[in-house]
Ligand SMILES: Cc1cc2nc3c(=O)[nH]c(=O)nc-3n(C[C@H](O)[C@H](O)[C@H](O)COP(=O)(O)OP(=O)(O)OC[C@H]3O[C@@H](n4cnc5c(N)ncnc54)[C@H](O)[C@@H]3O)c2cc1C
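Quick setup: one chain, the form predicted alone, written in structure tokens, and binding and motion questions come after.
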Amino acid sequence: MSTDEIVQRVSLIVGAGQVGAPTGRAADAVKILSKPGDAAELAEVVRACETDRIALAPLGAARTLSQIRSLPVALGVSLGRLARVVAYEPKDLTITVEAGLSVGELNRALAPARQRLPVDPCDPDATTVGALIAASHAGPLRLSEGTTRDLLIGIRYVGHQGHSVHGGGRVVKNVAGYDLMKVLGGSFGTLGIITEATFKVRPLPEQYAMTRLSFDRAEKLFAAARELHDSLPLAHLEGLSSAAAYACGSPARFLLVAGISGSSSEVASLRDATARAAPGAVFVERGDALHAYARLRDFDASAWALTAQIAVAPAQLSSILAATDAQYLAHMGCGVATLFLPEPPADGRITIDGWRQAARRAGGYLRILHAHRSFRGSVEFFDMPNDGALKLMRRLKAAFDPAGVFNPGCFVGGI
């Protein structure tokens, strides 16, 4: 089906003014962008795509798909018109929202009750709830608060034949045998399109402060990180090499950033304990601390030529990062790090293979987040799981998407 025919087909469902050529990052991810007005229109779009074998993919700010798709998918589906708070129960610490709502807007809705969704993806105002779940975004707070998967208690999505399916909290209908929150989390829109999510939320801490330590050698950075992590209940703990530190406003060759939060008395006590554990620490408080934290959270490695995420046991981080010879921002207590190269490597595939082998030797994995266009088509973005896991993923794809229209080729093993 030609592009014009797809536009005409989808316009009959969502209206001519809600279908058109994508702009900006979206143009790298999709050929046509549509904006259904509600879940019923989205369901009709899915049914039409299955009938006419049109590939489609959900799209928030297009940051993820624009960086990993080697070719644009035929039809993008923006959930920008599905961006309401559906239900909020402050006493129960739960909130249900539509998937097109940004994480920033969600937290502004919670702020009057001094509550928050404690996941902190890069640029929360440009991260929709759907993207947060589908791409498993997380930030520095993953050390103390966990990830989206730990906070998601209910989900609704539009899947095969346009059916709206619920799972978990606020259940109307469930799918026996599947934990939908875990199945859809990190699925990159390959199984269906998330339309609604229910989260458990948490109280805002009374105070937040940050401490920073500069080092001239990586060995000192990791030694200080171990000391702080082993002795204090930190909100977050990040290790930055020189390029990442510079992007966050520090000239340090290696920078350690630790966050402490809680009541005023707890923060004061933690500050004293941090000073004893890490002599020379520089403290930042109140508005300056929040500003510095936002720069850390919003560090965007996609601006670099090659960016990857590595996950290993925390004790393995120092040796792995040394072996890759890359710049990095590492969540030191979690074993998760973002690696990046400012310039394209001479051979991107060899560089990535080397990083990936180092991760595997440490019992972890590596996923490419962004690759320069000059070698994007020649590299494998996802780490290949073992045969058993890959077979399971393919069975899930066949069960959830028998027509094969949901974001094909954008997941592990070409799923």
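For every residue, the number given is its place in the sequence shown, counted from 1. Source: prediction; values computed, not measured.
The form predicted in complex with this ligand exists for this protein as well; it is not shown, and the discussion that follows is about that form.
Using heavy atoms and a 4.5 Å limit, would one call Ser136 a contact residue for this ligand in the model of the complex?
Contact check for Ser136: yes, within 4.5 Å of this ligand in the model of the complex.
Check Phe222 for me: does it contact this ligand in the model of the complex (non-hydrogen atoms, 4.5 angstroms)?
Contact check for Phe222: no, nothing within 4.5 Å of this ligand in the model of the complex.
Within a 4.5 Å heavy atom cut-off, is Val267 in contact with this ligand in the model of the complex?
Flag for Val267 set to no.
Report whether the minimum heavy atom distance between Gln309 and this ligand in the model of the complex is within 4.5 Å.
Yes.
State the residue from Ile54, Ala43, Ala362, Ile68 whose non-hydrogen atoms include one within 4.5 Å of this ligand in the model of the complex.
Residue within 4.5 Å of the partner: Ile68.
Looking at Gly333, Gly189, Gly76, Gly239 here, can you tell me which has any non-hydrogen atom within 4.5 angstroms of this ligand in the model of the complex?
Flagged contact: Gly189.
Looking at 273 to 281, 223 to 231, 240 to 248, 119 to 127, which stretch has residues with any non-hydrogen atom within 4.5 Å of this ligand in the model of the complex?
Stretch 119 to 127 is the one.
For 374 to 408: residues with a non-hydrogen atom within 4.5 angstroms of this ligand in the model of the complex?
Those in contact are Phe381, Phe382, Asn407.
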